[in-house]
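Single chain ahead, by itself, as structure tokens, in the form predicted alone.
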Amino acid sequence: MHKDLEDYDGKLPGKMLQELEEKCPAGKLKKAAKRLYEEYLAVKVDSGESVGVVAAESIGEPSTQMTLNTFHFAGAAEMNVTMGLPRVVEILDGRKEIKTPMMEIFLKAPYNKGKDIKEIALALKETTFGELVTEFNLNVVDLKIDVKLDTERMKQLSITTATVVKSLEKGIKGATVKGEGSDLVLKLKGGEDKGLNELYKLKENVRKIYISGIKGIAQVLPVRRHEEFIIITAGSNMKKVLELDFVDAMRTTTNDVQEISEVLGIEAARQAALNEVIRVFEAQGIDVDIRHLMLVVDTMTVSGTVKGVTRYGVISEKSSVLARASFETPILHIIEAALVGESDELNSVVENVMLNQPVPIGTGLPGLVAKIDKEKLEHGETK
């Protein structure tokens, strides 16, 4: 550490001092460190400040001005992403299934410069049997389905007829599969016992059978971002995508916070939740201090799992009975607490407001003790 920064060791966070030393010229370090220390003290939260209430107001007020629309990617109407207030609610509720999961897949060189970008994108997309078929012909007499395959599409995806037959044999029961060239024949087993309904069911079921690609990736869109190409997907399967050799695992991400928690851990999920909320606010032109958002995502992830701001999530972990009851289903919480003889220490804001007592914030935090001289009080004298 530079000698001009030694006086601030322990007073300022180590990371701040390190960044200051890296970015500031040596001759100006002393002055810059003094200014930084003054700024640091100015932004520190005072003891007794109700940071939760301030954060809730700071996030809630601009959220009411958000639009309720979804944002569509230009040129691909089927690839839309939930934005605005519904997306904020989705993140802060810690939803396990989100409406429009998507991924941003970064590639290693030379693929990030555009090499084989279309082929790679197509290889990622989940392909079902129905996408490879140009024609279904039902033969009611022989209880079979004649299928005409799309050879051009199969060539693009590097899929052979043998691969299709193998996938169909694995995916369907009660029918035989025979294939040659661009023609397939699916025949029901059981002969006369089977009817037209079973034939139609077979036709609909085979459409959904997985053939190739990564399950969950419904659409792919290669786009140029700055100096490189990336692949944006509709649908998400982070675990499988990160296993691919040509994928840059350090930067590839998904907008599904719960999936990030499962694959990369809780710290990554915390950062992802923070990034996603910031992205929504920025898209709406709304400026919210990052510390308010950090407080919320810290509360959601402090237990080691992603829990939403709901009565089943972080609210259920509150130690105060009255605080839990103030959120939702008050009778239920009070009855459950009474059954086990739970007590409430009245340490927080909500329960004291409910009981019309001074809240332990600001001037209500310290308790003042005064010594009274009884003799002077009797003679009408006061200090």
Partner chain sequence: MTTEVYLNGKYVGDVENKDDFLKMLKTERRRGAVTTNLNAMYDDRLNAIFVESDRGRLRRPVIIVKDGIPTLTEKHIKQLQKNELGWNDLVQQGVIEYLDAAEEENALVAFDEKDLTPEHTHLEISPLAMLGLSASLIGYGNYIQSSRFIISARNLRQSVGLYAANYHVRMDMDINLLHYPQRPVVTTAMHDIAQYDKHPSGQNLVVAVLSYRGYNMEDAIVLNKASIERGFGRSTYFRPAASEELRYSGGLMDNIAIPDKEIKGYKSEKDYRLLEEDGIVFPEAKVKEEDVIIGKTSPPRFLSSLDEYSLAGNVRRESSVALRHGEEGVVDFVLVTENEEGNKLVQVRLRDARVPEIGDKFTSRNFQKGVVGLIVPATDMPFTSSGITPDLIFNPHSIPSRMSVSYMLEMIGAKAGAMNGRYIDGTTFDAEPEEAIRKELISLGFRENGVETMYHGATGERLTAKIYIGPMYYLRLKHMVANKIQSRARGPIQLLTRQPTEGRAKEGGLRFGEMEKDTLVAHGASMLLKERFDSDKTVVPVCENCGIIAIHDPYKNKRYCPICGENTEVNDIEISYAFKLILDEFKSMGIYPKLVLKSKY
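Numbering follows the first chain given and starts at 1. Values in this document were obtained by computation on a predicted structure and should not be read as measured data.
Not pictured, yet referred to below: the form predicted in complex with its partner chain.
Is its partner chain close enough to T82, I278 and G285 in the predicted complex that each of the three has a heavy atom within 4.5 Å of it? So, no: the whole triplet misses its partner chain.
Does the 4.5 Å heavy atom contact test between L41 and its partner chain in the predicted complex come out positive? Contact with its partner chain, no.
So in the predicted complex, does any heavy atom of E57 sit within 4.5 Å of its partner chain? Flag for E57 set to yes.
Please tell me whether any heavy atom belonging to G10 falls inside 4.5 Å of a heavy atom of its partner chain, as the geometry stands in the predicted complex. No, G10 is distant from the partner.
Is Q18 close enough to touch its partner chain in the predicted complex, meaning at least one heavy atom pair within 4.5 Å? Contact check for Q18: no, nothing within 4.5 Å of its partner chain in the predicted complex.
Since the partner is left out here, which residues of 31-61 would have a heavy atom within 4.5 Å of its partner chain in the predicted complex? In sequence order, E49, S50, V53, V54, E57 come within 4.5 Å of the partner.
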